[in-house]
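There is one chain below, alone, in structure tokens, taken in the form predicted on its own.
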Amino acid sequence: MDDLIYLDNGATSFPKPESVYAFMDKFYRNKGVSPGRSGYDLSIETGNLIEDARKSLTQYFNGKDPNRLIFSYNSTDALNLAINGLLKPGDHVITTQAEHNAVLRPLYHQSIYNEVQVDYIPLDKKGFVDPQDVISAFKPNTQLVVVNHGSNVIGTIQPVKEIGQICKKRGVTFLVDASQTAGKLSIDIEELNIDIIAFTGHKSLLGPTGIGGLYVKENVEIKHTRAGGTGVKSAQQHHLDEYPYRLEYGTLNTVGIAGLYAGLSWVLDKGIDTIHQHEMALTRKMLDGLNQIDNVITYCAEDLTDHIGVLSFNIKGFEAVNTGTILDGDYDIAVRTGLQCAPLVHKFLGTDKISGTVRIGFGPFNTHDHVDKAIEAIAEIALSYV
């Protein structure tokens, strides 16, 4: 375990900062009760930490009202809340080929069960959406545009500011999936013209699994798709309309929120730009090394401008899963293989026919030595098995 080179941060960041482990442990041992629902001091203190986390995340996204920062299980859960709560039968949605199944599957279900129309904007040869294609896709019944901020397969950062401006002019809600970018990039929803942003805690925000959320701007209302306890107005039969209770159900994952709060604090203290620059330096070094190896193919990485530290590759004639298995078993290097829950990206790349790619995802604790060892290992595999 001590020798493991972990390059699967695109799935879940690992390890977490020591401050995250320590904060979660101390919090749960000393304040692991339901937040704010009982009136005794410990419950109030736990509730205060939850509200501090809302405020911190709201400030990070440059939101205005912490009550509109909603906690969920993860970004998939958050995206389901938003998509299913915004759409009605007969609506039209614009999305992209870059999307994760966290968007694709809820939209597919809406198309099957509610006759929602969905158009998928193609990617250009470098892996980006052209905002002009978004303009061309609008229809009179377009109600929602959903875009993946940073691809979990090829690392491309989409032009969300331009797309958001287009949506703003047309009065159409703009939902951004920031699963890969929250914690890697500075995200200002006002500057980027984002109405709703979905995020998860277990990736670059360096929190634990099982926590994520939405920030919902004041001009957007998402209808109820669930109902349950909130600890507030318990005699009321209808689930509460006011935020955050409108989209939160049952007892919150308090220890997860505590870990997310600690993770965001670490990221902000370290500096998001510093982290991003470090990860991109590793990505460039890895790309340069892979380009020197015969029979290695990289995808949408000719120019790493507007990218995050995610890189996909294959060895010609070799299944991605086999590359990953050998890297793990023989070299103690952990990567992600397959379709990475983004089948349309792989259809665009043509890798859907060869069982996907090998994906490398860098995090703040990766080093240049990790890159050197990974390049050496991949070179040996390419030489020995192809």
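Counting begins at 1, following the sequence as shown. Note that this is a predicted model, so its numbers are computed, not measured.
Not on display, but discussed next: the form predicted in complex with a small molecule.
The small molecule is not shown here, but in the predicted complex it comes within 4.5 Å of a heavy atom of K203.
Using a 4.5 angstroms threshold between heavy atoms, A102 counts as touching the small molecule in the predicted complex.
Heavy atoms of G363 never reach within 4.5 Å of the small molecule in the predicted complex, leaving it off the interface. Contact check for N74: a heavy atom falls within 4.5 Å of the small molecule in the predicted complex. Comment: the small molecule is not present in this chain, but in the predicted complex one of T96, S179, S312, T156 has a heavy atom within 4.5 Å of it, namely S179. With the partner removed from view, the residue among G213, G150, G207, G183 that has a non-hydrogen atom within 4.5 Å of the small molecule in the predicted complex turns out to be G150. This chain is displayed without the small molecule, yet in the predicted complex the stretch 171 to 179 from 248 to 256, 185 to 193, 296 to 304, 171 to 179 comes within 4.5 Å of it by heavy atoms.
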